[in-house]
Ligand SMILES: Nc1ncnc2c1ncn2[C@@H]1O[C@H](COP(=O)(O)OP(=O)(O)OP(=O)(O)O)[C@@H](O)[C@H]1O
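Only one chain is shown below, in structure tokens, and it's the form predicted alone.
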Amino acid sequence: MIYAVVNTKGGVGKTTTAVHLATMLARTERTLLIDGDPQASAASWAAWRRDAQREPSPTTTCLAGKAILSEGKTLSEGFAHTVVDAGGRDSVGLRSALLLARQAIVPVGASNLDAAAMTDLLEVIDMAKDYNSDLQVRIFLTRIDSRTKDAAEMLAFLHEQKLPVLSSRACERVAYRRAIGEGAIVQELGKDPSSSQEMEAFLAEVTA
């Protein structure tokens, strides 16, 4: 399976979602992580992970622009799973990731700015579906603050747009930032059971 983790808005936990998914998949099958973001955050995480000698690790490579589709298609043939961390803006790279993938996972925060950004992203996804009819889209609510009503309001908005929303979600937690900085995933640090449960639920849902 090829997954593209995409959003045209930054700060939604896109790279965090991508590296967690790739690492969890790598626990059982060979997995490729493609960093298609010019900021190369996933590649930095992979380097920190290698330095910390954490296993298992997804094989990680950086691709840009159209190479995400052309090179990514060939590279993916040697792996059971591929996860693409696409750039946080509308770009050739993001569009190439959507053409390569079979499942687009869209991390979305719970704010008015996130809702506004969805309009542009959905237009890009609709165009991608014209060329990639197998593409499935699933929304993943991230960075949720359980003390507010923002998540419920965003959920209502997404349902109005008739978008498929995952039941699993990720709350705003220090554990995610700490794990990324240590080249890890939250399960490996073992300091926040709630974040670990969130990621395991996410994995179970997207691979069901």
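Nothing here was measured: the structure is a model prediction, and the numbers come from that model. Sequential numbering from 1, following the sequence displayed.
What follows is about the form predicted together with the ligand, which we do not show.
Tell me the stretch among 150-158, 48-56, 172-180, 66-74 that has any heavy atom within 4.5 angstroms of the ligand in the predicted bound form.
That would be 172-180.
Which of these residues, Q39, T61, S44, S168, gets a heavy atom within 4.5 Å of the ligand in the predicted bound form?
After the contact test, the surviving option is Q39.
Can you work out whether T23 and the ligand are in contact in the predicted bound form, taking contact to mean some heavy atom pair no more than 4.5 Å apart?
Result no; T23 lies far from the ligand in the predicted bound form.
Do T15 and the ligand share at least one heavy atom pair within 4.5 Å in the predicted bound form?
Yes, contact at 4.5 Å.
Residues of stretch 141-166 in contact with the ligand in the predicted bound form (4.5 Å, non-hydrogen atom)
Stretch hits: a single one, R143.
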